[in-house]
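Listed next as structure tokens is one chain, alone, in the form predicted alone.
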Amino acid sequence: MRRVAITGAGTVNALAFDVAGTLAAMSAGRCGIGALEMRDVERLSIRIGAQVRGWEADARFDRQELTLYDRVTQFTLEASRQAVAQAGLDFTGALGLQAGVVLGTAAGGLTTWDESYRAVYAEGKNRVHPLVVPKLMNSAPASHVSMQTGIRGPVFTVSSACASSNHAMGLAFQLVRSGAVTAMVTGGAEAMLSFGGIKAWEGLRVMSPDGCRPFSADRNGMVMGEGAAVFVFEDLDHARARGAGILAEVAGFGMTSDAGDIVMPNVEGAGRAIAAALRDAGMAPEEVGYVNAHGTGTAANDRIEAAALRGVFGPALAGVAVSSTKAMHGHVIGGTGAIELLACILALRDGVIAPNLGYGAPDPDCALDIVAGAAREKPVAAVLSNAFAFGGLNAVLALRRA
């Protein structure tokens, strides 16, 4: 079995349009959540979100490209460009045959869906643009990354709600580790901050009108975000042979299903995924210094996740710092695990643990070492990144310091 390195990273999110800016914002504890700016916002009950502000698509893509690029694809292409550039790989030759793309998204081109329905139903138009289908399909971002880079190996999309990115990155890790490919471009994206997208989430009554406060006793729901994060996962020996910089090592992956409720999480299922990631990595609980929690800020999710961590780690949990960075960049749904992997790299590479903003009063049901208020400096050798999704779909990544 091969070892797997992360040799490139890129992102566009509410905190910054690149990795350096995002890590700086995480270190400073900056919040990207604010008042929503969109059409018909006055008809929404929830009017806050972590928007990617100042994104000028016309300055980045030409008119022909924009007929094919939904906002989710735009974010993905910029993030992938950054990641591949940092990795320093050229996929246009033989390496392109030994590389792939697997990305996660829950909804794909939701902005295109929303605009098309508005045109037909609200504005009375009888037809939409002929390229609406290839623009909105979930696999569009992965396909365009393949075309932009010259990658001709396995290319596909994973859609498992809020676990989409972790599932995608876990599968990419397994493909490289098995020797099926030399490198994978992987991660995830979401652009669900449209009128229809928010209206749908309002119906679930899990959204906070005033802020995201994971694990805090006064938490009252999640706040949606948007953006993308993309990485290059590469065979470690291949990366070393060419003198590549290594951000972190992907060490293990665990995935389970609750086989229970479509919306309510389950302690046992989440715990099995955490334990599976540790087992796959050959990692003892005592090695883990940080867990980037799924931590949505909803009452049930945070309580269940805390119980799952206690069940797996036992006494070793006392030495594990925990934070959910969703209070900074929002819950990016299918793209959230990818953006949160940046916080894991920050901990492993720089020894800085991003804070859990909004944490006010301790909740006895969420008794964890929460990194509250400000970032914490702590040398970390191993981390976990949790993602738990509607449908009881759980995906956990384990990483080690390079």
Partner chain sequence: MTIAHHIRTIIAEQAVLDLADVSLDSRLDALGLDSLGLVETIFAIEEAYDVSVPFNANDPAASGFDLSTVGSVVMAVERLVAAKAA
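Predicted, not measured: the structure shown is a model, and the values here were computed from it. Numbering follows the first chain given and starts at 1.
The same protein also has a form predicted in complex with its partner chain, omitted here; what follows describes it.
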| query | Just one stretch in 297-305, 266-274, 90-98, 252-260 has heavy atoms within 4.5 Å of its partner chain in the predicted bound form, so which one is it? | reply | 297-305
| note | None of A161, L171, V312, V206 but one has a heavy atom within 4.5 Å of its partner chain in the predicted bound form; the exception is V206
| request: Would you mind picking the one in G221, G197, P154, G289 that has a heavy atom within 4.5 Å of its partner chain in the predicted bound form? | output: G221
